[in-house]
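In the form predicted on its own, a lone chain appears below as structure tokens.
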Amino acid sequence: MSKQFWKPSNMLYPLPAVMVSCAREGEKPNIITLAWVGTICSDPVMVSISVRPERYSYNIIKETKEFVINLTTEKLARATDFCGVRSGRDIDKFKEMKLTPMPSKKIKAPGIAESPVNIECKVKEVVPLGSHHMFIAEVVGVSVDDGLLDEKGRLDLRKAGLIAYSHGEYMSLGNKLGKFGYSVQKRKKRKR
């Protein structure tokens, strides 16, 4: 196998493509599309988003200290892209993409009703890193579409048709290959 060695670059793909909604009180809410998003802690439940300081949403999130991460689907792919290339300074992205601001339970920033999962977050720290600043936030609530629950009330995200971002392209997620721990799981003996 032959490989080329490249200069340092962000090659950790695919990543979740999410729409982050935010709002200042008394102003129209805004949406920014991000792929630099991740889980950073399970207790307390914490996530991070990285945003360029010149983006319109940056100051909204920094001032209000809250945002909602909205998972995206194949049906939301066009809106996901649009909200990443247009500025909320110039247009109302909710209106342009015919998206519905959904009241959150624990924060003032709205979620996006058309998204299957809305993750409400409160900023704990902002870390300046260079081109992007990382917002470290605690998850304070999650809203999940009833249609994603199976008959036992368990979440089945495969039903959502989630998308990911990989090197400038949006892609639908593939087939299930296994579940956590399947490589060491003992096989059940069949009765004869």
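Sequential numbering from 1, following the sequence displayed. Note that the coordinates shown come from a computational prediction; the quantities given were computed from them, not determined experimentally.
This next part talks about the form predicted in complex with a small molecule, which is not shown.
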**Non-hydrogen atom contact G88 with the small molecule in the predicted bound form at 4.5 angstroms** = yes
**Item:** Non-hydrogen atom contact N70 with the small molecule in the predicted bound form at 4.5 angstroms
**Value:** no
**Message:** I'd like to know whether A137 contacts the small molecule in the predicted bound form, with contact meaning heavy atoms within 4.5 angstroms.
**Reply:** no
**Partner proximity in the predicted bound form: A109 to the small molecule, non-hydrogen atom cutoff 4.5 Å** = no
**Message:** Each of I32, A35 and S57 having a non-hydrogen atom within 4.5 Å of the small molecule in the predicted bound form: is that the case here?
**Reply:** yes
**Asked** Pick from 121-129, 144-152, 46-54, 62-70: which stretch has non-hydrogen atoms within 4.5 Å of the small molecule in the predicted bound form?
**Response** 46-54
**Prompt:** Among E114, D92, E74, D81, which has at least one heavy atom within 4.5 Å of the small molecule in the predicted bound form?
**Reply:** D81
